[in-house]
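Shown next as structure tokens: one chain only, the form predicted alone.
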Amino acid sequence: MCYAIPGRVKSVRDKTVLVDYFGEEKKAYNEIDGLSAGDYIYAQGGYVIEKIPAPEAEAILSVWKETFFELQEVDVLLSRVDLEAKGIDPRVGRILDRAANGRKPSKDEVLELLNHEDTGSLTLFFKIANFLRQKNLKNSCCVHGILEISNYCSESCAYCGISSHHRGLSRYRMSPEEIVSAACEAVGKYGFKALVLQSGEDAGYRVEELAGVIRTIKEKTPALIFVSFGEVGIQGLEKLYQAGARGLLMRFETSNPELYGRFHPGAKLETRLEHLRKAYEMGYMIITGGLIGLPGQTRKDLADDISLTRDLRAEMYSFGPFLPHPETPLGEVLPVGETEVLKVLAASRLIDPLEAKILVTTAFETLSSEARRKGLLAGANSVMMNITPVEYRRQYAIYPNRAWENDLIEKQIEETISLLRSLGRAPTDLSVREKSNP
């Protein structure tokens, strides 16, 4: 199954194309020569990925058309809210009522929502977030594949299982040929249109070597490539962008500089934020966010984290629970409950209702078996599947017992598509956020 729906180009103006999807019009950034009105394309993340022959596109669309609208009907039903619900705290009710009518909450109001515990208010909170997601972004849910190319890492983060603290970990580093082969299989065999290449901060790869891998993947198969290699330097980001990378996954983890310094010895929060800001200026799509439940973290910190994610112009919000590995200094810290994570996902939707993709992270799925369903019903609209070869995946031990750690990609696809269908979601990515011009 393809994780994109073909669209028909209505107009081309410079690097921007207007694309029709069953009557909905979306803009996409185009880097393909010779594209013209009437052509059919796949787009992902607001980028044109490839041009496809009209007969192929029309055959796919004829199958999708009825299903697409049936899914939308299910999604609309599940996103309905009752603003007259009883037992709601009046202050929460006012914030949510204004949010439903297009007024984004202030940081203080976000904090008010995060501090609330009563079931009735939280139920309405999550439903309003889902309502705003459906109202503005319809039923699209972007599905990305993540390929973990190396578990070597030179950093000593106090909780991460691939950090230098975990001396007993068996390390691996995929060869360029293995990376290209796995990426091409994900696109050609399994239908992925967007891939995240991820590793620890591994000095065993030169930036030029990683750029060569990206360039080869782009030559062999059409895909939107995100990179997640830690802090490779501003020049390194430029080289990766020139090679064809168009997205950067780099979480700042906490907006509190004191907390950041405590858990990242020798590192500075501002350095990481500078990477994110410069990457956006280059033209990268940004995936960023924080950890929920860090020792010493307050809910005010979480409200600040959500605001910072928006201020960094994130394409996708990535918030997950703090799950320390037992072989690290923070290994005995207990994680938060699933409700705390859902609050942050829902609050993220309220402050960025029109455009944001909000990810249900693997960490959340590890914390709760119901994470995907509950997260998608609390404003989220993005999931990832792990396409790392199984023999390596178990060694990418950032925290124990990761969700999908032992599951073949076929099983992941089957279960993901089944869940999305039950919620009325289409596994595709119809982006609306304008791209910065590199």
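Residues carry their position along the shown sequence, with the first being 1. As the structure is a prediction and not an experimental result, all values here were calculated from the model.
The next section is about a form of this same protein that is not shown, the form predicted in complex with a small molecule.
Practice item. Look at the stretches 209-217, 137-145, 95-103, 245-253 and give the one with heavy atoms within 4.5 Å of the small molecule in the model of the complex. Key: Selected stretch: 245-253.
Point to revise | Touches the small molecule in the model of the complex: residue 123 (any heavy atom, 4.5 Å) | key: Residue-level check for residue 123: no, no contact with the small molecule.
Review point. Does the 4.5 Å heavy atom contact test between residue 322 and the small molecule in the model of the complex come out positive?
Key: Answer yes; at least one heavy atom of residue 322 falls within 4.5 Å of the small molecule in the model of the complex.
Check your understanding: Does the small molecule get within 4.5 angstroms of any non-hydrogen atom of residue 198 in the model of the complex?
Key -> Judged by the heavy-atom cut-off of 4.5 Å, residue 198 is in contact with the small molecule in the model of the complex.
Check your understanding: Looking in the model of the complex, any heavy atom of residue 160 within 4.5 Å of the small molecule?
Key -> Because a heavy atom of residue 160 falls inside 4.5 Å of the small molecule in the model of the complex, the answer is yes.
Check your understanding: Which one, 187, 363, 132, 110, lies within 4.5 Å of the small molecule in the model of the complex by heavy atoms?
Key -> Contact with the small molecule in the model of the complex is made by 363 alone.
Check your understanding: Pick from 279, 128, 291, 174: which has a non-hydrogen atom within 4.5 Å of the small molecule in the model of the complex?
Key -> Result of the distance check: 291.
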